[in-house]
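The chain that follows stands alone, in the form predicted alone, written as structure tokens.
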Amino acid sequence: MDTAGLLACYERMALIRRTEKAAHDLFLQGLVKGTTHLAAGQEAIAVGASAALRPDDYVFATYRGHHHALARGATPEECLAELMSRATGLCKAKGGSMHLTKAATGMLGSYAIVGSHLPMAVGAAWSARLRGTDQLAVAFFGDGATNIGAFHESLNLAAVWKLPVLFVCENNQYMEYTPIADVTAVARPAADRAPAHGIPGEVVDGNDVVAVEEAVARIAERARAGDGPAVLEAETYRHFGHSRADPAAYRPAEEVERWLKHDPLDLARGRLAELGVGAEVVAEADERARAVVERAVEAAKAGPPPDPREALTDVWADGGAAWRT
């Protein structure tokens, strides 16, 4: 990654961090209904991976997916409007925080059912194979999903058919409130299980955007060449609890402090300094991100409510909702 690319990644991560801070504040103001699952601290995985992918590749994420939607081209205004149930939202107020989707940019959804999107990613990769393209499908999932049957079923079928699909585990150390290490027989819940399916697995520092970009670029090139799927386990840490209802009091204070010192934005700033990028240039990137999010909050607040008459549109591809057999 060159200096310009790293600076662009830093600004995108700063934009995501500020968008999620805005979502947090709007939730406390009662403007976000339901709950939210913030990905603050995990931005480098989404941004680094997206930097290594093509615009026509497919991405599938979990309910903790704001960072992936924003990394794949959704705007802060679209996302915040969706969280506030506005008609101008990314899904016209039909998805909310846990289902951000922008098919036009390859963001094929965030899924609330743990592990459910892994078979979908396999299907998308199979679609690319059938159509003769060299597109990739990428499934991002949490460490808890590695103990779900769909994880193993998806890896197995992808390996049997040598499909162009990447399985990227965002290992933030906790499956909701339980340390993944307490309930998993292997040290690396995703990477250590990949060989059982004949798939290469590796571990990367998920807070280092450059390391993530390089790792995803490497396995993406392999998949496009017809060598099949790969598993990448990105070690990271969420700054907040599982959801807005979770104060995360179960996490040891020293563990939290250690990970907060390994913040993705701080690491990127350090890399930029090593490349000779001045602090004022980084500050300008921060200011641009702040201004974009500030405008997005006001625009999202001003968005109209959804029209109840459109509640059943978008059920089918033709815009209808009539039952069919």
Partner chain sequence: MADVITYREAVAEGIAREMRRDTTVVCLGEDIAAAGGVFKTTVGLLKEFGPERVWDTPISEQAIVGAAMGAAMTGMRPVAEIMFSDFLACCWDYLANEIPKVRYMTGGQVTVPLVVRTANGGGLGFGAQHSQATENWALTVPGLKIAAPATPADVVGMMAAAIRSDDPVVFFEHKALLATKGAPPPPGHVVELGRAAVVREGADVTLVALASTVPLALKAADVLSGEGIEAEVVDLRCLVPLDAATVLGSLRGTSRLVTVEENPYQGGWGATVVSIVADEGFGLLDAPVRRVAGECVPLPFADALEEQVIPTVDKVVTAVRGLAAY
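Take the two forms, superpose them, and find the largest set of C-alpha atoms that agree within 1.5 Å; that set is the rigid core. In this text, all values refer to a predicted model and were calculated from it rather than measured experimentally. Residue numbers count along the first chain shown, from 1.
What comes next is about the form predicted together with its partner chain, which is not displayed.
- Contact with its partner chain in the predicted bound form, judged as any non-hydrogen atom within 4.5 angstroms, is confined among 184-192, 198-206, 229-237, 107-115 to 107-115.
- Its partner chain in the predicted bound form is approached by Val315, whose closest heavy atom lies within 4.5 angstroms of it.
- Contact annotation for Glu176: none of its heavy atoms lies within 4.5 Å of its partner chain in the predicted bound form.
- Proximity of Glu310 to its partner chain in the predicted bound form: non-hydrogen atoms within 4.5 Å are present.
- Interface residue remark: Arg251 is not counted as part of the site for its partner chain in the predicted bound form, having no heavy atom within 4.5 Å.
- Shown here without its partner chain, the chain has Asn156, Leu157, Trp161 in 155-172 lying with a heavy atom within 4.5 Å of that partner in the predicted bound form.
- When the rigid core is held fixed, the Cα atom of Leu312 travels 2 angstroms or more between this form and the one not shown.
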